[in-house]
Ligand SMILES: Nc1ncnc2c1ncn2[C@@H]1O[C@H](COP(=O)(O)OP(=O)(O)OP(=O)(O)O)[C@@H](O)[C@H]1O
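One chain follows as structure tokens, the form predicted on its own.
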């Protein structure tokens, strides 16, 4: 699939903008603070109805405005769909989003924040794998929402120092939904591993062995009974501390490069390239699961990479379908459409 056209009204630093991108590689260049990331954000908002930068809807509207709109045409094979999405401020100053959705639209975004997959706390890696699983399995994110509700209520109960009878129904719900999440996370991790083993050596230009593994207290177990048993083992500590100590909310990802923990011992360049490779590794699993090739939005993906590695990355992303790549300096790539952004304006380069 690809975006055929997009129109912005009062979105971020754009008063108005009409853009007809190439169905393949689009290079968006220009100095910093001109609106490159804002345009990527608008593209993502058009596709899936949310920002990859903020949960605050009011941030999407141009400064001082009470509404913003993004509309455009999405195309897949012989099918096209016109989408319009808006955000507006209500009378009570709350912001509301509205608009159509497209069930086959998919997007994968890479930005500087993805370094946290390597350098951040376990929560960043859980958020990453949940995002991947959510793009592959539509039921994953709703299940994650249910799990968080059960977890919050169970934690409230734990603070009252309850007996086992009071905890039992919450334990069962936590175990049932929790093992669902763990199963989908494991499968998503296995899919990423297959692609990562190919992509990282291709973009680095070196024969590195990469590995991503899902780490959980359950080991290889797959049944809710295993999570219930793990909960029982930490019962006293949970009641003493007033919080749930085992479950998918405590799990993590292990990322290794040549058998060494890349989170701790990888160089800055290796970590950045590995984070980018993880995003590129999503493309094939998402395409096979959804029947739609995702649009790739790559924000300053080439920074901190040497010239040879940049060339490898550019060759790899050209095997995808529609790609938007931002950079502060002009880029020349054969067959790519080049656009220059300055002060909320866009022109062919």
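Since the model is a prediction, treat every value here as computed from it, not as a measurement. Numbering follows the first chain given and starts at 1.
Not pictured, yet referred to below: the form predicted in complex with this ligand.
For the candidate spot formed by 98, 101 and 135, no residue has a non-hydrogen atom within 4.5 angstroms of this ligand in the predicted bound form. The partner is not drawn, yet in the predicted bound form one stretch among 312 to 320, 277 to 285, 44 to 52, 29 to 37 has residues with heavy atoms inside 4.5 Å of this ligand: 29 to 37. Contact annotation for residue 304: none of its heavy atoms lies within 4.5 Å of this ligand in the predicted bound form. Interface residue remark: residue 290 is not counted as part of the site for this ligand in the predicted bound form, having no heavy atom within 4.5 Å. A residue is said to contact a partner when one of its heavy atoms sits within 4.5 Å of a partner heavy atom; residue 12 meets this definition for this ligand in the predicted bound form. The closest heavy atom approach of residue 69 to this ligand in the predicted bound form falls outside 4.5 Å.
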